[in-house]
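Shown next as structure tokens: one chain only, the form predicted alone.
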Amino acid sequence: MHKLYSNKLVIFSLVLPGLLTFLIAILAPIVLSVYYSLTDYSGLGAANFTGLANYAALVQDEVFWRALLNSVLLALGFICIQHPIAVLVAWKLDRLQGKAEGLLRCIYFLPNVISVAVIAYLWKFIYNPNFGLLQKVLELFGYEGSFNALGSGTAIWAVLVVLVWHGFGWGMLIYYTGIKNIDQVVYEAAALDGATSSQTFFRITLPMMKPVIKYNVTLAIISALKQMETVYLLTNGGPGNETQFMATYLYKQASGSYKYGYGNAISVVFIVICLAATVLMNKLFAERKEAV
């Protein structure tokens, strides 16, 4: 076996499939995207080189900045609302044990199993200003008139609620798995020392969950930037451009407006932001680790 794995030809044959997949499925599309972002390509005909013209237009594009702001708001919603609740729920589920633990875990994850199209139309009915559940609840509290949550001024917040709710199951499941991997001996030792439930959570669970938290927060930021399907089906970026996100705006420019080069410029900026967010998260958590 040692002789087999010391053979360079064997090593190369094992590495080659993964290397080819990376080159063809990841690196080549990125290189092509960078190239087309420097052209006026519309998806048809010739691609004329225009240099940084698309990026210059992007800087002055108010809709792009609105889309980026919405993506940042969603990332903050994930990090500041969804994830703290997900950590607490995962921790409580771990303490339940028995059949209740499995049942509640399935219930919390259920929205992620349902089709995105079904989720979008379900919330459209909930937000319906004539007969929706939200309208009926508001009427119970004495609200008079018709409240359109997906209308101008409130649409972005209504969309953020749906996205934070819909992604809760994945975040919770990852945290739940991380908590399950913590050695129970540590908790038993803490219990023998008289540690309370809150002390156990803040001084044992959270510190030992740092790698999982770093991974989940990075994933949340990237997910917020590439959010598309639910928004597209729920509002299609409207009313106006109030609920545009980077991915939906990219799709609108590349496919809807036939500005393929401009859409690729947005995708390149998207890749740069994702890489910067990943590096930033690694540095933040590395500094915290050193401080401890």
Partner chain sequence: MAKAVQLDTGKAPGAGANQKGGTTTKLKNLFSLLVCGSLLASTLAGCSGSSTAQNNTAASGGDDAVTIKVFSNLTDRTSGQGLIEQTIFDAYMAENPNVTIEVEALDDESYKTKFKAYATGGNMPDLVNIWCSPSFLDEVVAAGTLEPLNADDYADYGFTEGSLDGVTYDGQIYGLPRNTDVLGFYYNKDMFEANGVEVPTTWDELLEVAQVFQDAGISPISMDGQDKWPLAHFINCMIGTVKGADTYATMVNSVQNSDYSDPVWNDTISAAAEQASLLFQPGFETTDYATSLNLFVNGQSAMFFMGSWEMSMAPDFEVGYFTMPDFDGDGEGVIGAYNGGGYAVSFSSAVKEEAIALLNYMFEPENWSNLSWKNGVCMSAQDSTQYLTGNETALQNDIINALNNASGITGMTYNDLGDSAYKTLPEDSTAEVLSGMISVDDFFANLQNG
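Positions refer to the first chain, counted from 1. Bear in mind the structure is a predicted one, so any value in this text is a computation, not a measurement.
Below, we turn to the form predicted in complex with the partner chain, even though it does not appear here.
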Completion exercise
Picking from 225, 38, 67, 254, the single residue whose non-hydrogen atoms come within 4.5 angstroms of the partner chain in the predicted bound form is 254
Handout entry: Listed residue (150, 209, 75, 119) with a non-hydrogen atom within 4.5 angstroms of the partner chain in the predicted bound form
Key = 150
Handout entry: Contact flag, residue 61 vs the partner chain in the predicted bound form, heavy atom cut 4.5 Å
Key = no
Problem - Residue contact check: residue 56 to the partner chain in the predicted bound form, 4.5 Å heavy atom - result: no
Exercise for the section: Would you please decide whether residue 50 lies within 4.5 angstroms of the partner chain in the predicted bound form, comparing each non-hydrogen atom pair? Expected result: no
Problem - Non-hydrogen atom contact residue 97 with the partner chain in the predicted bound form at 4.5 angstroms - result: no
Completion exercise
Note: the partner chain not shown here; in the predicted bound form, the stretch from 141-149, 216-224, 195-203, 88-96 having heavy atoms within 4.5 Å of it is 141-149
Exercise for the section: Scan 28-53 and write down, in order along the chain, each residue with a heavy atom lying within 4.5 Å of the partner chain in the predicted bound form. Expected result: 41, 42, 43, 44, 45
